[in-house]
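Taking the form predicted on its own, here's one chain by itself in structure tokens.
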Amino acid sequence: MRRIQLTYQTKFGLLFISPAALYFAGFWVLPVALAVVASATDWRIGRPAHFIGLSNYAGLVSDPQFHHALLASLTMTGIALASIVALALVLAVALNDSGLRLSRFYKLAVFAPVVTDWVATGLAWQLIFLPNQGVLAGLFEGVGLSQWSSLRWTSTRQLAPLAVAIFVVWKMTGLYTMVFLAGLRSVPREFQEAALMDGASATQVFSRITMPLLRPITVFVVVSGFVTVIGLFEPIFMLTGGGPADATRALPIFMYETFFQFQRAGYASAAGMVFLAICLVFALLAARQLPYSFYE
């Protein structure tokens, strides 16, 4: 068999990417492979595992608690993701204005929540959502909406998912604002100026030129945001703990409780594989929206 001869540049390239490749293999590929094996067993913590095939997956199909967790995840993720994408795009357009004064200060203010800790900010948002005494209640009192100051954001079944979504939007919007801003800076200004000279309005330029050229960035934001938001554990655990009445008992909480509280490691691994499959399917469907001609 003919040996493959690597060039000098290729050898050094492989050397430089080897730490990242080893990290990916050790902390991503290997855990997923172990979870795939565990999902086909009846492994309980402290007991030997026995192969049971697809029984765990069959149990998930008929498990109403898993169905509820999946619905709760998709509901909170849908609310948060739609808000993040829309708000990030609006903020990016505003920050992209060359005539905006103190733009660096605004960029810092928008990005600051991204670098804060989930647990620390979760404690702060618990105080914000306190009924009658919290920051939000005080704001409602100040604008004459005193009837809203007693709302129990984190202990009401209807409001708890919205409270979690608000927290996630506040924490993550800054990151994707910067991504959109980088995309806006990469759009050739010649296209926009030519359209304006031809009589197009600013709205038409944005919808007909800017947004189509931003489609790869938008797909990245949507896919990255979906995978990140649907897998978040800290905001739910800090604000509601999965309650009230399991209203925010999303997939990460379901897997955490199944593994650590009920010690059904094999069943939790199967739920994790379904979670991974959902993310992969969503990413593949979103990637199909990319215009292939953009790269030609």
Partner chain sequence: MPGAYHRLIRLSQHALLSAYSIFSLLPFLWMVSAALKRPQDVLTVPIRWIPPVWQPQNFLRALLEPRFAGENLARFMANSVMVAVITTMASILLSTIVGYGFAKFQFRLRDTLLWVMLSTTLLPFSSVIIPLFLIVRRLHMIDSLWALVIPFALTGQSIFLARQFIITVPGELLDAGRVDGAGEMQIFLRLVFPLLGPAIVTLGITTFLTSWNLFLWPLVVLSSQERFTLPLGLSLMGLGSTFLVDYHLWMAAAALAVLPPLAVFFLLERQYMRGLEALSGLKG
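These figures come from a predicted structure and were not determined experimentally. Numbering follows the first chain given and starts at 1. Superpose the two forms; the largest set of C-alphas matching within 1.5 Å is the rigid core.
Only in words, not in the display: the form predicted in complex with the partner chain, which the text now covers.
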| property | result |
| --- | --- |
| Exercise: residue 125 in contact with the partner chain in the predicted complex, heavy atom 4.5 Å | yes |
| Any non-hydrogen atom of residue 73 within 4.5 angstroms of the partner chain in the predicted complex | no |
| 4.5 Å heavy atom contact, residue 191 to the partner chain in the predicted complex | no |
| In the predicted complex, residue 59 touching the partner chain (heavy atom, 4.5 Å) | no |
| Residue stretch of 62-70, 47-55, 242-250, 265-273 approaching the partner chain in the predicted complex, non-hydrogen atom distance within 4.5 Å | 265-273 |
| Contact residue in the predicted complex, chosen from 151, 162, 87, 205 - any heavy atom within 4.5 Å of the partner chain | 87 |
| Listed residue that, although the partner chain is not shown, lies within 4.5 Å of it in the predicted complex (heavy atoms), from 82, 211, 109, 145 | 109 |
| Members of 255-280 lying within 4.5 angstroms of the partner chain, judged by heavy atom, in the predicted complex | 255, 256, 259, 260, 268, 269, 272, 275, 276, 279, 280 |
| Residue 241 C-alpha moves between the shown form and the other one by 2 Å or more, core aligned | no |
